[in-house]
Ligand SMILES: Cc1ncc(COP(=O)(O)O)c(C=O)c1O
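Take a look at this one chain, the form predicted on its own, written out in structure tokens.
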């Protein structure tokens, strides 16, 4: 869907809401104006393939005008949560002021309509039905709904997860051992792997654990950006009667895809990472035909088993954040999901390709292009403790002015993660690379 068609549709919706001018449909005219301004600024740019656009520095300079960058340091840690573009921020601030002014009058009478719009836009962007999506506060909340309410286990069954999974999710899977009487098993993936090697590891686990009934699968690892071949693993799991919970917290927006490409029944998302919504917006996806496998939220009745919103209960949440989802999707789609993916991959390649030849630097994650994203990780060879990673991160920050973050939880040890955003420049990536070259020459 083009940005212009989105804007037209939003204007029509606004006209339809005029009967209640104080309630509903916070489609900010300011956000629309800035999105249109973006289109004017990039007119004539970004006309080639995503790979060509990724190298068009004129285009990305215009994109960067819509973000306020961290001052005083090169910030290459955007995997925690994503910065809002200015039109999204303005929409969010306007919504916050208006909701604060109207208080419960809005929450009781207008919020439901606006929230439905956010659900609709999220479902459209993922290529699923509105009855298959419920908005939550984050992916962690969503995965707990699945794990706690999953009906498909009995004592003695096996639940599988891997070292590349999010640490809190691994703890949740292990919790099922005592809470549900099942056997939790953690797989270890290679610190660098190809798509085939990853698939083989899961296939081997399926053969080794014939009583496996549930698998936690991470689309993109928060540790080092490794892309897991979800569709192929899910197909193999389904043949063996194994359900799959897919963690898409880091993947949506970092990669450009719709849910039919993954073919999963259950997935969790963060919209406040690479989609660029305000902090505090996640999503839970349950395929319509699989809804019966997840019980309603404790204390909630759903005798017909057909309401996904009964699978989560987020109580009072940040109304303004939830209803700013359409603005975030507008701007994400204005840049273009494929363009964003290509740009982030390009920025990653600028440092990782050269770092491959640095003898003391060990790279982690994907060993082939299909297994890589814009996110990457590294460490000094032989230095795998958390203290080692902390010292390396601190040195890069203090001596070279580049901010990164450590990650722990991999079976092979701790590492330093790099996550640039679309407004980062090749010069900033060069500053990181210069730090790695200096460290390679001169140990601390």
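Numbering follows the first chain given and starts at 1. Treat the numbers as computed from the prediction; the structure is a model and nothing was measured.
The following text describes the form predicted together with the ligand, which does not appear among the structures shown.
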| item | value |
| --- | --- |
| Residue contact check: residue 270 to the ligand in the model of the complex, 4.5 Å heavy atom | yes |
| Residue 278 within 4.5 Å of the ligand in the model of the complex, heavy atoms | no |
| Contact label in the model of the complex: residue 220 to the ligand, heavy atom within 4.5 Å | yes |
| In the model of the complex, residue 139 touching the ligand (heavy atom, 4.5 Å) | yes |
| Segment that reaches the ligand in the model of the complex - one of 197-205, 354-362, 153-161, 246-254, heavy atoms within 4.5 Å | 246-254 |
| Contact assignment for the ligand in the model of the complex, among 374, 79, 326, 87, heavy atom within 4.5 Å | 79 |
| Listed residue (331, 166, 266, 92) with a non-hydrogen atom within 4.5 angstroms of the ligand in the model of the complex | 166 |
